[in-house]
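As a starting point, one isolated chain is supplied in structure tokens, in the form predicted on its own.
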């Protein structure tokens, strides 16, 4: 009997210990809420001005915060800034920072950090690909291109809490830009003391809702709630963990196996299946973005616009979005996607009209004419072993295979396929080492300029080196006026011009299919962001 009592007491003590170990002082279960998912590619850098895509931004937007940010409803609101004033002429913005903002190492976030960060992003020696997105600031372009000085960049910390910025011309979406990652601040003291601060989690310092605590390159990213964040009370997650897996099928299997709470990059076949089953886990989020192919103009015969147009006209885009992508995407009608408004508050896309047509017969005529002008035949073309380059992804592969078959069937041409890791693709595009390459662009702000600016001759993302002075002039005109009618008309002309020259072949306008496990709440979809997980909660 005594032995039985002893065993019972041991069980009671064990249960007591277990409960004690799982409880916290607030009486919660104590089980940490860690949101798990996959980041489809290894980040090139987690230093904000050196980032250049969604493979970095989904992380950066959780560990950093700009003057403005997106709240739990997905609305643009003051972030590091408590308030701001705009001068009557629309040129000068004066931001007042919050009193209680700190870096993850405990340092205060100051206006000087912002001044330092923006000028650093423009420093020619940093060679930031996204430096041009700061060109709205007076003196920024001149400094970045080596024609002006750092001191002439019109961003200035008036005191610890006040930042004054003067623009080249009134910019309707400037507040939105300050929520973009190139405009995020970095800790001046940390960066100046350690140039390699952003390469390891141990030395990484940020100012957002979460902080980086682990970075196993090509394997895993782990973020932990930043208790020093001014709005920490609104953050319900204890952390976010992201695997780094390029293969969509492997990532999907992990989600299906219960290892992930949310997954953004899903195989097209899975999207189709979930749609057919009306699965409540599937969400088709709005997305301002365009999927396209770069055509290298330095490679003959792709230098010939008739050849580029032939490739475009041979694509049956309706079949691609209906039978291949199957995620609610829209067959491209130009380069500017739906979701961006014109001066009348209506779809910019509708006011420009359809600039792309599917015409197999015309495509064949144009290809023959174009090849003839370049002294080539279809046999010459096929003997050239041209390749369409795409980054590893089951979806990209299927789309590329469909495009390859359409070109073979309609035009009688053979183009091979080559897949590489995302960063390799980016590097080869920068080096001009491709014939045709898959491209895509998600808008950074809600204005047609966010897409059209890609083919500005000075854009670091102009991978086809499109250089049309008339096109540049139209963009300059759009950037130099606050007259919305003039701005929009200039951009309409610009889109028609770039589609007439066709340096890229638009395929479809994006949506953002993603799956979300039952019990995960608070994820919002902003059209120019991946699903915002900052305010997510796991309720079961």
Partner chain sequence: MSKYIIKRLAMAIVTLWVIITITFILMHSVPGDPFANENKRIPEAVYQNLLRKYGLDKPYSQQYLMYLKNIARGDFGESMKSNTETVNEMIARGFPVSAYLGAQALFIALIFGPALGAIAALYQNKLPDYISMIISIVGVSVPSFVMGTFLIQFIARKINWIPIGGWGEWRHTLLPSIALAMMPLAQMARLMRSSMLEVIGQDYIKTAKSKGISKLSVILKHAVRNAILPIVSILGTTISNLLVGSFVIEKIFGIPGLGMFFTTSIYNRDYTLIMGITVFYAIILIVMLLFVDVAYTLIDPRIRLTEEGH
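Residue numbers count along the first chain shown, from 1. Worth saying up front: this structure is predicted, and the values here are computed from it rather than measured. Throughout, rigid core stands for the largest set of C-alpha atoms superposing within 1.5 Å between the two forms.
The following text describes the form predicted in complex with its partner chain, which does not appear among the structures shown.
Of the candidate stretches 324-332, 154-162, 110-118, 125-133, only 125-133 has residues whose heavy atoms lie within 4.5 Å of its partner chain in the model of the complex. Note on contacts: among 386, 407, 461, 174, the single residue with a heavy atom within 4.5 Å of its partner chain in the model of the complex is 461. This chain appears without its partner; in the model of the complex, the one residue of 442, 356, 242, 228 with a heavy atom within 4.5 Å of its partner chain is 442. Taking non-hydrogen atoms only, residue 198 approaches its partner chain to within 4.5 angstroms in the model of the complex. For residue 72, no non-hydrogen atom is located within 4.5 Å of its partner chain in the model of the complex, even though that partner is not displayed.
For the chain shown alone, residue 45 is a contact residue for its partner chain in the model of the complex, at least one non-hydrogen atom being within 4.5 angstroms. Though the partner is left out of this view, residue 50 does reach within 4.5 Å of its partner chain in the model of the complex, counting heavy atoms only. Applying a 4.5 Å heavy atom cutoff to its partner chain in the model of the complex picks out no residue from 315-337. The two forms, fitted on the rigid core, differ between the shown form and the other one by less than 2 Å at the CA of residue 286. Relative to the superposed rigid core, residue 465 undergoes a CA displacement of at least 2 Å between the shown form and the other one.
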